[in-house]
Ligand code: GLC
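Next up is one chain by itself, shown in structure tokens, the form predicted alone.
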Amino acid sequence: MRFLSSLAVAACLVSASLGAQIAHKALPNGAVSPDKLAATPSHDETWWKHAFVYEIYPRSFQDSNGDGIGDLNGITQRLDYLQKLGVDAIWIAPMFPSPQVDFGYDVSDYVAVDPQYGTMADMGKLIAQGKAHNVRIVLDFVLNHTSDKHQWFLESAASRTNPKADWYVWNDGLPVSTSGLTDYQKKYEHEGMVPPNNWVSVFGGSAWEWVPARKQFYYHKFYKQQPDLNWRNPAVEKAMFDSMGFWLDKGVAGFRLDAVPTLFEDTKLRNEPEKGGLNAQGDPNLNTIYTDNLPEVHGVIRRMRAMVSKYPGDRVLIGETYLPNTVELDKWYGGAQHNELQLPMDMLVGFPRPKKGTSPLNAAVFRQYISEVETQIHGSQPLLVFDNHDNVRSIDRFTDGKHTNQIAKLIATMLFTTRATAMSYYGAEIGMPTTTPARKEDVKDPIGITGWPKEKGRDGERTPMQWTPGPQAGFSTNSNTWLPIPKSYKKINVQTETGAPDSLLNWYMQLLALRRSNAALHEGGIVMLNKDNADVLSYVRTAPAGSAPVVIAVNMSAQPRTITLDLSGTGITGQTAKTLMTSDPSLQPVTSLTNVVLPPYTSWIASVQ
């Protein structure tokens, strides 16, 4: 773990590690400037600081028993592949018992395994076999809400006087005769009462659901079958922490915390400001300032970090943190105190919001956000993410329609050659496309059913893993898989790409092997180069003493671009290059850092001699 004292340690290591490569300028208090700190190699072998974390959607990875649904034993069967790929940890989307309204994100028991995925013995086998393959297990933990079938909620909903009456967010609502009600509130009248405010569920409709037995509404940020826990009740925090401890005792390496910024709501229940217009579900667009990222959540995370830190083995907390800027991201690390999440997800780099009519593949935008996360989080470890189970796959979001494979390699290059911990999603390494259902009757994701056709749901990024060009893509022996196998499996699959030297899969494997073996990529600092170049993102990974720095350049345009990598000011004196990897053979013989011609959408990685 990197605490405040590590800043002083880094300052002491500067001259020994870098020699003449980087000249540090001391600040008045003896600290190191953020830019210089980012440029400094750091020898810290804490596993998650160098990790490749691979998300597995368990329903879709490998079916071991022929029921058409992936399972835990299927994951265990594929550990050889994951190890060969270069995976350090797998994040498994929820495998707890669940009614599967939101495919596991509606948990009905936090300390058991859903029978459709296997048994507790199967989970134990996966953890043990993962350890043998040097692949750690990270569980997806849903903190914000439970299923409405969880025993806690069944008790809470039964009456206002039961022991768990205050475990969820309940409210009497307002009489329908109350002045100042919005038309939206009036739509949800029950027994003369309406919701207390205009809050909207992410998945459609009012965020308040009426329960006749209590004659009250409960709050649900997501589906109505996912009631929000009341994190202001200490008993809730204890129960959730105890559940996490159960799995830590079983040997999991940590948790990915689902929807963690939404744990608290405004106690005054103020209406959220309307932004105008309606969303895909037909609800008003709101600015969720009273239900998202409230400051109280940080106290919970600090206590959680302290609890998890009592366990050996550098257990890790990863956060699903969609945030507006890097300043807010830093707060989730605990700022200068480094006492909250070790790895909040940086969604700014991997999920840019381009202006209408502009390409999301923008060198200036990537340069800005990568630079920010390297210099504005108090020396914490960045975590970059380009793909997950809730978003259109990056191969579709960034493609120009003509250079899809080259652009996918470019994205992988950024993911694995920056200083960040890397996170990806099953199938990204082979270029699995998003396969959105063409008909409403084929949609499984409830948000796609209620939002069709403006919102078609998330089935498209959750289709079964494509292993072979054979029946059911090698995913299952059952022809009736839970989601259809995309037609793309005939060409896009692990087996075919393993045998193709220039495939995306082999690019991933080579990048990950280089990331492990090359000192500069493994523990070097980072300095941006050619900061005014609109089309080419380039940077240098500074090297520990006795090792060579590495330059990385990616051309994000459809035209060839000529670059000269100016290393002045970095302290690096080398002027010749040796290509380590490139997505275009024309760059293989390059030996100069001057007038390098990058073909369209090309990645180039070279050591500086």
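Being a predicted model, the structure only gives us computed values, none of them experimental. We number the residues from 1 along the sequence you see.
This next part talks about the form predicted together with this ligand, which is not shown.
At a distance threshold of 4.5 angstroms between non-hydrogen atoms, Ala519 is out of contact with this ligand in the predicted complex. Although the partner is absent here, Asp102 lies within 4.5 Å of this ligand in the predicted complex, judged by heavy atoms.
This ligand is not drawn, but in the predicted complex it has no heavy atom within 4.5 Å of His190. For Leu323, no non-hydrogen atom is located within 4.5 Å of this ligand in the predicted complex, even though that partner is not displayed. In short, of 407-415, 364-372, 386-394, 295-303 it is 386-394 that has heavy atoms within 4.5 Å of this ligand in the predicted complex. For the marked spot (His50, Phe255 and Lys331), a heavy atom within 4.5 Å of this ligand in the predicted complex is absent from each of the three residues. Put simply, of His338, Arg136, His220, Arg462 only one has a heavy atom within 4.5 Å of this ligand in the predicted complex, and it is Arg462.
Among the residues Phe203, Tyr425, Tyr539, Tyr508, the one placing a heavy atom within 4.5 Å of this ligand in the predicted complex is Phe203. If you take 336-372 and check each residue for a heavy atom within 4.5 Å of this ligand in the predicted complex, you get nothing at all.
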